[in-house]
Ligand code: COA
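Okay, here we've got a single chain as structure tokens, the form predicted on its own, with questions on binding and movement later.
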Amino acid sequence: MSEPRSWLFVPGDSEKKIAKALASEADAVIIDLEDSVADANKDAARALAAETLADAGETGPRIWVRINPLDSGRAEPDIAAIAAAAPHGVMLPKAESGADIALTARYIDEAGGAEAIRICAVATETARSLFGLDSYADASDRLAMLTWGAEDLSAALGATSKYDISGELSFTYRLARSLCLAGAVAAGVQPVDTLYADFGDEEGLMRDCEAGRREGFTGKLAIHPAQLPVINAAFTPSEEELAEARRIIAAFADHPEAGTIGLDGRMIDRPHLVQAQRTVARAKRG
């Protein structure tokens, strides 16, 4: 099954918004039990998430659930409530290391969760988390994705803003982004870029998507259905890119012993082949 391009957050206590999200163009929907749900509604959101999963059919977006942080006292009950209903995966906020993934996997196992349930870590939301991004490899076979966020990190660091005077992300948050990307690739899981908060700014979203894709991210979080067409288009290889990738793959297939090959007056080597294979794989959305 191919990696999702778009991951749409939806509040876990709103039946109407969940239904709208499941009917959207999202590749994956994340039912949120954390930040978008007030403390008084946590139990109701947990129950609604379980009900939604139980009623879900085989078609439509993959359904993930963002649980509450491990230190909240709610993470284990969240998992216990939803594991039997078989979400595609669990998103763990404020993850600090591979040990947190191993603990989350244990909770899933103890709740009787199927082997197919995967884990995503939001891996840059605390100061300590920045020092643990090399620890996710081999943490658990359930780990499927790493993503990052700047809002909680800026609060944790006591920042007055996450932007510099030019309006761009400050160095600290660009560093967190890069560490997340490298940590995901080192762990062999999908790197997913964080959300673009201004859902009315389509041009800005497109620029942000294109920048993330150039660097190596293969998907992006979303907070509004209006963002989905832009994200899906940005993370889908164009026909021109696919044609070029297939030509590179064919060239190496014709010369399997070659380390470098001349193509259109330029030299290509094995890293070009790997990138071409990834391009073709990303075009196959399952």
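Note that the structure is predicted; figures quoted are calculated from it, not measured. Each residue number is its position in the shown sequence, starting from 1.
Omitted from view is the form predicted in complex with the ligand, to which the following refers.
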query: The ligand in the predicted complex reached by all of 11, 32 and 195, non-hydrogen atom within 4.5 Å; finding: yes
query: Candidate stretches 97-105, 195-203, 157-165, 138-146, one within 4.5 Å of the ligand in the predicted complex by heavy atom; finding: 195-203
query: Among the candidates 223, 258, 242, 249, the residue which, in the predicted complex, approaches the ligand to within 4.5 Å (heavy atoms); finding: 223
query: Residue contact check: residue 42 to the ligand in the predicted complex, 4.5 Å heavy atom; finding: no
query: Proximity of residue 278 to the ligand in the predicted complex, heavy atoms at 4.5 Å; finding: no
query: Proximity of residue 36 to the ligand in the predicted complex, heavy atoms at 4.5 Å; finding: yes
query: Residue 266, heavy atom within 4.5 angstroms of the ligand in the predicted complex; finding: no
query: Sequence-ordered residues of 60-75 touching the ligand in the predicted complex, heavy atom within 4.5 Å; finding: 66
